[in-house]
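First, one chain by itself in structure tokens, the form predicted on its own.
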Amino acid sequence: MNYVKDMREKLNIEYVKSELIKTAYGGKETFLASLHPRTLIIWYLFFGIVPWFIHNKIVLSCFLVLMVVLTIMARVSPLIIVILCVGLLGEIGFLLLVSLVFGGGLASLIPMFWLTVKLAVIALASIAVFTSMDPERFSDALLSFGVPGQASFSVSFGYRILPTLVEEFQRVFLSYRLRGKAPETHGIFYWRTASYYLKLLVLSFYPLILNSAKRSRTTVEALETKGFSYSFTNSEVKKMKLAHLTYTYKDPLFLIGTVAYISFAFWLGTFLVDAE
């Protein structure tokens, strides 16, 4: 009971909010954060697409080991890792249940496991990269690739408004708690309490969307009065905005090291398959 009470005290809205903010804005002192954002995006595009076309188990295992190491180096929040693990386990459990319902056997568990490995590689690559880039650098990297200014700004604005959205959600959620009545008993496995909080989460969603739409409209009007649209069509303004993006010696070393590791993984996978 004391363990459950301690977990309830830790897993509150303030904890979730602080972890989300650290995920979006933290990690500036890590190795990946010191790399050029365009380098990270190019690197991520490879590991976000190629694993879908790889069926060699040794290669996938090597990719997974690399992603785990980089995720540790990126100092990813434990909350994000727990959510990822729960999602992957839930997915493989759901697919196994569907397979059993439609006449499949436990033999389908092995292919599902390797599908989950692919998803884990892609998900960990996403977490490691986007945790290491602050919103401004990510937005500027997209702009340097030729992405329209409105689209790149939307990404940056989405990151920036995240703390505001969490605070707004907290206010709405607490207002429903003040006006509502919590269950007098928790029930077996806390099902009454869980059901109560899930209901409040759903009810809090609609006022949050309405308030966010109002804030977005105010922000857009303020930006347009300051020449927001014109700034993205002016080459001089764009050049000044991207002047801080510079490559260092770490970028080619990181890419060369990644290519060497990938080559080794494919060689090892081919060698072990031929040996069998």
Partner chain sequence: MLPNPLVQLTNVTFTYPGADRPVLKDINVTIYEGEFTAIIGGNGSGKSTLCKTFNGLIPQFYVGDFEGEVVLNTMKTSEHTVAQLSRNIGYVYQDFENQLVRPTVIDDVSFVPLNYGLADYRQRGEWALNITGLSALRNEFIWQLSGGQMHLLALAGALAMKPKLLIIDEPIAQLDPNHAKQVYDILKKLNNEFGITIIVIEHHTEFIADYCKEVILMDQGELVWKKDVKEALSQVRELLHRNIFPPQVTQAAYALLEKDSQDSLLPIRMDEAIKHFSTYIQRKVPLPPFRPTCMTENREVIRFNHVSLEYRTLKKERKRVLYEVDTSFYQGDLVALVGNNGAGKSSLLKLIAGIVKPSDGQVVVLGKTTREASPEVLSETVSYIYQSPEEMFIDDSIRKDIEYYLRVRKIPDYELIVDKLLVDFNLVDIQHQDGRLLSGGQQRRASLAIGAAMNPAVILLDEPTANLDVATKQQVIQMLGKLQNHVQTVIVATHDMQLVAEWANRIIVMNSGSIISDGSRYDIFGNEDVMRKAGLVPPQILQLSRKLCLEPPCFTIDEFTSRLDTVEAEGVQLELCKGYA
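Note that the rigid core is defined as the largest set of C-alphas that superpose within 1.5 Å between two forms. Keep in mind the model is a prediction, meaning the values are calculated, not measured. Numbering follows the first chain given and starts at 1.
From this point on, the text means the form predicted together with its partner chain, which you will not see here.
- In summary, among the residues L100, A151, L174, I83, the only one with a non-hydrogen atom within 4.5 Å of its partner chain in the predicted complex is L174.
- A222 is the sole member of I49, I42, V68, A222 with a non-hydrogen atom lying within 4.5 angstroms of its partner chain in the predicted complex.
- Stretch 211-219 is the contacting one of 31-39, 211-219, 245-253, 54-62, since its residues have non-hydrogen atoms within 4.5 Å of its partner chain in the predicted complex.
- For the three residues P78, L119 and F130, a heavy atom within 4.5 Å of its partner chain turns up in the predicted complex in no case.
- In the predicted complex, its partner chain stays beyond 4.5 Å of every heavy atom belonging to S263.
- Shown alone here, I21 lies within 4.5 Å of its partner chain in the predicted complex, counting heavy atoms only.
- The closest non-hydrogen atom of E91 lies beyond 4.5 Å of its partner chain in the predicted complex.
- Mapping the unseen interface onto this chain, V202 falls outside it, with no heavy atom inside 4.5 Å of its partner chain in the predicted complex.
- Fitting the two forms on the rigid core leaves the C-alpha of A182 displaced by at least 2 angstroms between the shown form and the other one.
- Here H55 does not count as shifted, since its C-alpha moves by less than 2 Å between the shown form and the other one after the core is aligned.
- S216 is among the residues whose C-alpha shifts by 2 Å or more between the shown form and the other one once the rigid core is aligned.
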